[in-house]
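There is one chain below, alone, in structure tokens, taken in the form predicted on its own.
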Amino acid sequence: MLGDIASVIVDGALISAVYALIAIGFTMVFGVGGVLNLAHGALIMAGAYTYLSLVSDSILASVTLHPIVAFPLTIVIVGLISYGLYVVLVRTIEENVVITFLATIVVAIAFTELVTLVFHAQPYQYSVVPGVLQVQALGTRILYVELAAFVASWVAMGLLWYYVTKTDSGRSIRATSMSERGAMLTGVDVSGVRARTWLVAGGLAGIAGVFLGGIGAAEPTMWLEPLALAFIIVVVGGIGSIKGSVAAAYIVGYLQTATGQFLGQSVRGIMSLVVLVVVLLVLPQGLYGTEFVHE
């Protein structure tokens, strides 16, 4: 029993950090541009397959990089894919919320079909950080890849906090999210801010994709559950609130882990939906309300 409780505490903390990373990217894009970006899930998948292609000689025999090189390169590539998605497609239609929403769905489906065509539907397993840490005192064990995901997620969130609070470029993102009109009056290039936000969100999705693929496997539908969880987390935490997303990610992550541990993996998603319904009934604005307001 003690081992089960320790597993919930440890596993919940590890996976919640990755959920927070996904939700932050999702909520930033909505907060700054008002776009409900369902292609965010496809970017997670792109992170897993890009890393897999760079490190595995069975995918691209001529390109096999060391994980230390492949990891940051994957983040850059996925960030640029997200940036290109905004510049090429979303920027031209973003004034129409419904069309933009539908376009991101089409992009997500197209990504999935493309990956299925190139890599086929079977899951690919790959190693990011091999090995297992046995914690004898708690009667549990931790995969090194989970530990690496936790550290990388919090480092990324720390860098993001520094960027949006200590740099002019980052502060322009906060200013635009709080008042787009006010930011424009002070000379902020709103279109450039939105493009940077998509770049950052794509990078965060790339990190999450690498570790989710390493913990589980890379497959064309791997993005569906993380995207659904990100949506629940963002609503529970407060749409547009970064700190709300982090808090809600830990609530949802721990509930999922505890439910899976004690009630079974088949019902682990139910508690998240229960929390979502309760929050919508009691706190419709979410735990931390709205930090970003799109005008």
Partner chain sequence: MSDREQTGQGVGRLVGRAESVLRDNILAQGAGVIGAVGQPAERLLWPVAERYNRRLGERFGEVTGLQLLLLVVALGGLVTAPLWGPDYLRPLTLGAVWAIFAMGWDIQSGYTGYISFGHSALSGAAGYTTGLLTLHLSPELPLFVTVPLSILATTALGLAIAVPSLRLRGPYFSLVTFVTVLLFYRLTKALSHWTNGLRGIRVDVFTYDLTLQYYMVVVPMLAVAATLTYVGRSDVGTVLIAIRENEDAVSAAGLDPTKFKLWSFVLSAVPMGIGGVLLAHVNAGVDPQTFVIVDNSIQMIAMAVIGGMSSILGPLGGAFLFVGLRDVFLVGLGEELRWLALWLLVLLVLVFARDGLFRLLWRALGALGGDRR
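Residue numbers count along the first chain shown, from 1. Everything numeric here is computed off the predicted structure, so don't read it as measured data.
Not pictured, yet referred to below: the form predicted together with its partner chain.
For its partner chain in the model of the complex, the listed stretch (226 to 234, 40 to 48, 64 to 72, 241 to 249) containing residues with heavy atoms inside 4.5 Å is 226 to 234. Using a 4.5 angstroms threshold between heavy atoms, residue 168 stays clear of its partner chain in the model of the complex.
Among heavy atoms of residue 134, none comes within 4.5 Å of its partner chain in the model of the complex. At the 4.5 Å threshold, heavy atoms of residue 280 reach its partner chain in the model of the complex.
Its partner chain is not shown here, but in the model of the complex it comes within 4.5 Å of a heavy atom of residue 91.
The contact residue chosen from 157, 129, 217, 114 relative to its partner chain in the model of the complex is 114, the criterion being a non-hydrogen atom within 4.5 angstroms. The partner is absent here, but in the model of the complex a heavy atom of 199, alone among 199, 173, 145, 222, sits within 4.5 Å of its partner chain. If you take 77 to 109 and check each residue for a heavy atom within 4.5 Å of its partner chain in the model of the complex, you get 80, 83, 87, 88, 89, 91, 92, 93, 95, 96, 98, 99, 101, 102, 103, 105, 106, 107, 109, in sequence order.
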